[in-house]
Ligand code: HEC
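As structure tokens, one chain now follows by itself in the form predicted alone.
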């Protein structure tokens, strides 16, 4: 009987220690998620019509901000799961529930190019590690357009992560959060000159977040990888074998030269890129996979 009691006491002590460790880990994870650090660098926001039109094109056809934030930038629910919590893409307008009226220029820059929200928390769903490549001019154009959008009243609940999700994102998956993948000191500057060039094609591939689904090396992501991240995208090596016109046609019609329909996960917004932009991307893929 004494031996049994001793075993029970030992097991109870171990369970208690485990609970203390888990709770402690939770507080560490929660602190990390809510206290990332980076210095923003505000950019100039021209207000002429040409810049606003450029920003509209980037938002709707290149960076596909509207894919998450809505066609009117009114915000959308991205995750609503009892096990994980609630995450929304913010209402970007100046309407009720929107951040447009309260964000400073530094807030915008930190959120878009550094992955840090206006309230100082790490943004998990915002692909800032790709948007970190945005030039100062293009970021200024995007912000000029956002500020020109009519206000939309759409209030969304604040982010709420469950105990499990906080532990997951604040420990095991913390190194995959955009804020941890960015060389913050090097963000900003100029983009390559616009044109049908390999360099500009690479820039477009970066800010269009192609690597999110197709992998950092553009050779695809598996369904297993997609369980904890963006959708699985195929290896793009095949696209580099198509002719320039076949590539453009595929992006416009969403059907490959062999007749295969592109996945619904592939944003249709990219079909709105100009011919020159798609030509530049095709040249970059050709160069990337054949060098």
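Positions refer to the first chain, counted from 1. Given the structure is predicted, the values throughout are model-derived calculations rather than measurements.
The following text describes the form predicted together with heme C (HEC), which does not appear among the structures shown.
Asks: Has each of 41, 53 and 140 got a heavy atom lying within 4.5 angstroms of heme C (HEC) in the predicted complex?
Replies: Answer is no for this spot.
Asks: Heavy atoms within 4.5 Å of heme C (HEC) in the predicted complex: which stretch in 201-209, 162-170, 148-156, 183-191 meets that?
Replies: Of the options, only 201-209 has residues within 4.5 Å of the partner.
Asks: Might residue 229 be said to contact heme C (HEC) in the predicted complex, defining contact as any heavy atom within 4.5 Å?
Replies: The answer is no: residue 229 has no heavy atom within 4.5 Å of heme C (HEC).
Asks: Look up in the predicted complex whether residue 256 has a non-hydrogen atom within 4.5 angstroms of heme C (HEC), and give yes or no.
Replies: Output for residue 256 is yes: heavy atoms within 4.5 Å of heme C (HEC).
Asks: Is there a heavy atom of residue 94 lying 4.5 Å or less from a heavy atom of heme C (HEC) in the predicted complex?
Replies: Residue 94: no, not in contact with heme C (HEC) in the predicted complex.
Asks: Closest heavy atom of residue 118 to heme C (HEC) in the predicted complex, within 4.5 Å or not?
Replies: Although heme C (HEC) is absent here, residue 118 would touch it in the predicted complex, with heavy atoms inside 4.5 Å.
Asks: Can you list, in sequence order, the residues from 106-142 that come within 4.5 Å of heme C (HEC) in the predicted complex, counting heavy atoms only?
Replies: Contacting residues: 108, 111, 112, 117, 118, 121, 122, 123, 124, 125, 126, 127, 131, 142.
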